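Shown next as structure tokens: one chain only, the form predicted alone.
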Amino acid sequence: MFAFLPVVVAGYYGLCRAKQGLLAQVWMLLASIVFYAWGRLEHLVWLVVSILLNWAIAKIIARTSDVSTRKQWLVLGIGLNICLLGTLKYAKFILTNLSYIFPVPVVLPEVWLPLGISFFTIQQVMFLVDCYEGLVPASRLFDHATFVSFFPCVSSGPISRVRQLLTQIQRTQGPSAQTITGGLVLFAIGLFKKVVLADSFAQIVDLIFNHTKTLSGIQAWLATFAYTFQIYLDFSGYSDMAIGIGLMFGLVVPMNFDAPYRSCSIIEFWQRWHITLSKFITVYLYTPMIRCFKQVSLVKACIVTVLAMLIAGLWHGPSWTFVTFGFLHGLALSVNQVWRKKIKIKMPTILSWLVTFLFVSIAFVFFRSPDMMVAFETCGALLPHGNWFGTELDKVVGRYEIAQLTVLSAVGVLASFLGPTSSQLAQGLTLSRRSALAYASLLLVSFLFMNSTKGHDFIYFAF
């Protein structure tokens, strides 16, 4: 924020103003390589291998006229991407589960998961499919590398399709004062969401989830709702920052969140939550699977929905908790489809919202829990039982300033349910001293929190 980002944006802006478009793109690519290699240099190898492999296969698909051969190359490309992701991310999970059936000791070398591998693998698969469908041409290696490695998005998205971002990168017209200002506003909002609001909820969540065996009912519900807001403010905060940095380069990165907790159905929730992943699930998982059937029925559509969400759940990580999370959402989406098409009973808005929010919150228990045992213990504590009020709530939460956490949590809850979204604030921005002071204050408060409280990694960095 204080060195890398200002230098990179200023350099890019200066090159664009000097009408050095090619050099501006080179500067962006070099900055992305430095950013990615900064954490662990060896992980850059995996990113480069992925870029070269997919670019080469896309070129072959583009040059091949025979439909059958093109499809074979597409299948090979998707298979290699899955193998790369599976080997690095899921090999230990698969072999460990097999060892329960076949009692053979499993010893694998410890492999650090490359930053953002799940995200840039999805982008590569989308690129290959779009090339196969003729929706985009096979781009130059230089352009493809710039697109895939673009540093604000490479680690946690938003997940962009080639035709959404690459043509903007190639134009290299540079950002205007308006887009830079909008980018700074989104960045300030996103940083505030993360380090002030999300990390405040994280303090509550981390403490209570360390006491799941003795949870009272109030503690269990407090942890459940706190994590619901933590993950939203954390990931939407990251997305705001990534989109904001994109605007600083004059690039419009796709929106990822649209006030999802205001949804009145689980279908609407997935139209508002992690929007770029939802579109991937719909276009690249659900649609191809449903096309396998000659005749589509509601039952078949529900089965495919569950399968697609199981894959999406496993995509988040090698754990049965993520698989369960995906299954629960697939089941809920199927019930929602049946309700809309067969039952057709319209629920009161407040009731449909409440059911949706409660389901989403409880499903997130599995997403947060380190294993199924903790998830079941937490869900069990949500039910009425003898230890409803508990006697140790003050000891668990009382290590921190209760008043501060209460105020910040209230701000986070209100921001999630009321008022304009981050993108609406940035789009409707009126340049004035008052607005400049307001967003500068957000940055200042965020910097103070970063300097005075324990930092938490972005949740989606783990994926």
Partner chain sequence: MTDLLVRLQPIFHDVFDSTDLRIVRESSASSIEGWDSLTHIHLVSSVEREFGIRFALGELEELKNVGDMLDLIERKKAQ
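The shown structure was predicted, so the numbers you read here are calculated from the model rather than taken from an experiment. Residue numbers count along the first chain shown, from 1.
There is another form of this protein, the form predicted together with its partner chain, and it is not shown here; the text below is about that form.
Student: Quick one: of 287, 87, 72, 97, which gets a non-hydrogen atom within 4.5 angstroms of its partner chain in the model of the complex?
Tutor: Contact residue from the list: 287.
Student: Within 4.5 Å of its partner chain in the model of the complex, heavy atoms considered, which of 382, 264, 222, 301?
Tutor: Checking each option against its partner chain in the model of the complex, the one that comes within 4.5 Å is 301.
Student: Within 4.5 Å of its partner chain in the model of the complex - does that hold for a heavy atom of every one of 130, 291 and 295?
Tutor: All three within 4.5 Å in the model of the complex.
Student: Of the listed stretches (365-373, 87-95, 277-285, 308-316), which one has a non-hydrogen atom within 4.5 Å of its partner chain in the model of the complex?
Tutor: Selected stretch: 277-285.
Student: With the cut-off set at 4.5 Å between non-hydrogen atoms, does residue 347 touch its partner chain in the model of the complex?
Tutor: No, residue 347 stays farther than 4.5 Å from its partner chain in the model of the complex.
Student: Answer with yes or no whether residue 211 is in contact with its partner chain in the model of the complex, where contact means some heavy atom within 4.5 Å.
Tutor: No - in the model of the complex, heavy atoms of residue 211 and its partner chain never come within 4.5 Å of each other.
Student: So, residue 171 and its partner chain: in the model of the complex, are they within 4.5 Å at any heavy atom pair?
Tutor: Residue 171: no contact with its partner chain in the model of the complex.
Student: At 4.5 Å between heavy atoms, is residue 216 in contact with its partner chain in the model of the complex?
Tutor: Flag for residue 216 set to no.
Student: Give, in sequence order, every residue of 331-345 that has a heavy atom within 4.5 Å of its partner chain in the model of the complex, or say none if there are no such residues.
Tutor: Contacting residues: 337, 340, 341, 344.
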